[in-house]
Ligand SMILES: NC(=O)c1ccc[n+]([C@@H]2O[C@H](COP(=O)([O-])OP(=O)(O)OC[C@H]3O[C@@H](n4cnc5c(N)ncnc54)[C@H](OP(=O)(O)O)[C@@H]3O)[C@@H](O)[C@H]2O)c1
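Just the one chain here, laid out as structure tokens, in the form predicted alone.
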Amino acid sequence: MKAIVVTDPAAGTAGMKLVDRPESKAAINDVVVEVYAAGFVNTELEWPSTWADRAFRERTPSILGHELAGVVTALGYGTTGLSIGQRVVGLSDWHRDGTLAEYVAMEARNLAPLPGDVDFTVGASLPISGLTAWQGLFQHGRLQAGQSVLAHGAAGAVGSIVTQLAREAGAYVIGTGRAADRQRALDFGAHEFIELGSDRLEDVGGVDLVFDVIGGDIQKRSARLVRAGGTLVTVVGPTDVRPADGRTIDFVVEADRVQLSEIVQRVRDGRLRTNIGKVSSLDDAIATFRSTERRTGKTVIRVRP
């Protein structure tokens, strides 16, 4: 099978190669999925799990990518809940070979059914962005109707879903981003927009929840806006930044079949729009990853036509 692999942590995207690899085999409780579309996050090249297994042993060459939409082609021993020929969407384990390949073996529990009326490209754009938004807002942020959310990067792959889910939940959403992102963020449902290069973030006043995808000085300034009892949720790694009378939660997104099914259903109902940026073939994927062109949406690779 064709797959995109990396072997050198110092090489960045220059170290990516499209190669032939043995086809994936299903272990106990696994399935093999024929990948039709896969998502990619640029920061994967900085993740320790890309280069080492859970025992910290080198595991290169590693196949990149962790989001997919495809069709189940094989079941491992003991696998239940899925069937051969079923359309699925899911998030693969960080420490295993990933989804930028024609086939991938992964745990069945990390997959959710993908209805026939949801395109594979749309499905592949949902696992990381959708689950990150869902878990940050509801599992860690405990968002309630009537509260306010400061959604950083509101025109991006994660921020646009944060904005939509928060608004649907009855929250007042203040989006942030670059000046060029204003209309896009408002189109995704932000009630108002703060341009981080010129508007004063402090003019927002107090908010109940900050969803941080930026870190640094923006994270520190945002923490000062959190009301008593509120939460700063961040996905940029561990931090010492704490609101004066609130809490900070830093988390890594986890696969969850039930939550992913809820997200897919919202897409089917028209309550949620995915934010897809560049779409490329597997043959053109490396050139896409190396491009310096600014992209605000999710990069999706069409592995199968």
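Everything numeric in this text was worked out from a predicted model, so none of it was measured. Just count from 1 along the sequence shown to find any residue number.
There is another form of this protein, the form predicted together with this ligand, and it is not shown here; the text below is about that form.
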Original post:
Can any non-hydrogen atom of residue 253 be found within 4.5 angstroms of this ligand in the predicted bound form?
Top reply: yes
Subject >> 4.5 Å heavy atom contact, residue 196 to this ligand in the predicted bound form >> reply: yes
**OP:** Indicate whether this ligand has at least one heavy atom within 4.5 Å of a heavy atom of residue 222 in the predicted bound form.
**Re:** no
**OP:** Determine whether any heavy atom of residue 157 comes within 4.5 Å of a heavy atom of this ligand in the predicted bound form, and answer yes or no.
**Re:** yes
Original post:
Looking in the predicted bound form, is this ligand within 4.5 Å of a heavy atom from each of 134, 150 and 243?
Top reply: no
Original post:
in the predicted bound form, which of the listed residues (143, 213, 207, 88) lies with a heavy atom within 4.5 Å of this ligand?
Top reply: 213
Original post:
Which listed residue (236, 45, 249, 26) meets the criterion of a heavy atom within 4.5 Å of this ligand in the predicted bound form?
Top reply: 236
Original post:
If contact means any heavy atom within 4.5 Å, which of 125 to 133, 112 to 120, 224 to 232, 70 to 78 contacts this ligand in the predicted bound form?
Top reply: 125 to 133
**OP:** Heavy atoms within 4.5 Å of this ligand in the predicted bound form is the criterion; list the residues of 162 to 190 that meet it.
**Re:** 177, 178, 181
